[in-house]
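Below sits a lone chain in structure tokens, taken as the form predicted alone.
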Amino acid sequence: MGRNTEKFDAIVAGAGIWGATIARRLAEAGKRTMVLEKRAAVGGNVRCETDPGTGIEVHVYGSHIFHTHIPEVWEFVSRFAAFNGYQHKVLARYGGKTYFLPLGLALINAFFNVDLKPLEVQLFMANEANSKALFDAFFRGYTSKQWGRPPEEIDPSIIKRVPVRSSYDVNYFNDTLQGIPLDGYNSLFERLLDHPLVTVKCNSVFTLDDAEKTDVPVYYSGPLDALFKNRFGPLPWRSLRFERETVDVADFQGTSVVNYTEAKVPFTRIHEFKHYHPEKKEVMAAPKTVIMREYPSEWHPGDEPYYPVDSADSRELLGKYRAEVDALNARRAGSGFRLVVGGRLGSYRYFDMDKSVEAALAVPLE
């Protein structure tokens, strides 16, 4: 770490949504807080860039929509950002046609060329041939691309994240509180960390050697395996790569996200970012747009980790690293140091942003 931490009461390692929330809480509790971020800028995978040619806010690491049903979370983030009320809708391309996700009346009726009513959906989906046809069309290929293996080998809870409804509601999320920060996600993080008791150091990594010398609590949201120098081997992840393109049309696909569900299409999604800010009329009307194709990929050490791979082996490995956290805390007991682990990377769990905020708000501060 190579820096004097004696004047700080706490260290936050990682300036994503979990770490930034923790840092704000610490500062408001009167704790002098150092925030260490390994990247050149804060924001984690929610980091955005303004495309200089179009003025479009591009989500660098794929689309992020803030949505929640938790009033305390919405109240907290709304202190630092005004949201535009954007409601997320996702389309799916299959067989040369476009359908509304999630799985509901709009998709079922269009796919099967029927005219079901809400009370008829459950019986229709109980027919194994119908449910298999929908699964094969909209989930099998997409899931195989996303996770690099057949869906039968994947934890069913991952597939269950896709909403299923007996209505024509095509909002992708059930949460009533949704939106994109009017001033962009970067401004949200800047305001979260804008406090006289918070010092931010980018291009800085917290290491195990630092943990042995630090006498203040550390709130860590980096990868656990990296902190412990991969002593048991790396935790498995899925990664992503993105191809960004500026297109000479005002509107490329008519919505922010289109899923490509067929296995023969190598990417899973195309993002079109101008649709996240319909209130920016001049940007929406501009004759160019920015799109991004998203390609799932195998993860190798050094790649960006995105999705934890849940399996018996990964759970066993995670248990070993969590035991190392307990052992470190026991060894350093009485020194003032304590390691608290959270966030997507530290917890080795996929979190929506609101769940990361909720978890950070629940952490006891020392």
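The first residue of the sequence shown is number 1, and the count goes up from there. Predicted model, so just to flag it, every value in this text is computed and none were measured.
Although it is not shown, the form predicted together with a small molecule is what the next lines describe.
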Okay, which stretch from 29-37, 49-57, 295-303, 327-335 lines the small molecule in the model of the complex, with non-hydrogen atoms inside 4.5 Å? 29-37
Spell it out for me: taking the small molecule in the model of the complex, does every residue among 106, 151 and 261 have a heavy atom no farther than 4.5 Å from it? no
The unique member of 204, 253, 214, 268 whose heavy atoms fall within 4.5 Å of the small molecule in the model of the complex: 204
Using a 4.5 Å cut on heavy atoms, which of 134, 81, 73, 240 is close to the small molecule in the model of the complex? 240
Look up in the model of the complex whether residue 222 has a non-hydrogen atom within 4.5 angstroms of the small molecule, and give yes or no. yes
Residue contact check: residue 354 to the small molecule in the model of the complex, 4.5 Å heavy atom: yes
Does residue 13 make contact with the small molecule in the model of the complex, using a 4.5 Å heavy atom cut-off? yes
Contact flag, residue 24 vs the small molecule in the model of the complex, heavy atom cut 4.5 Å: no
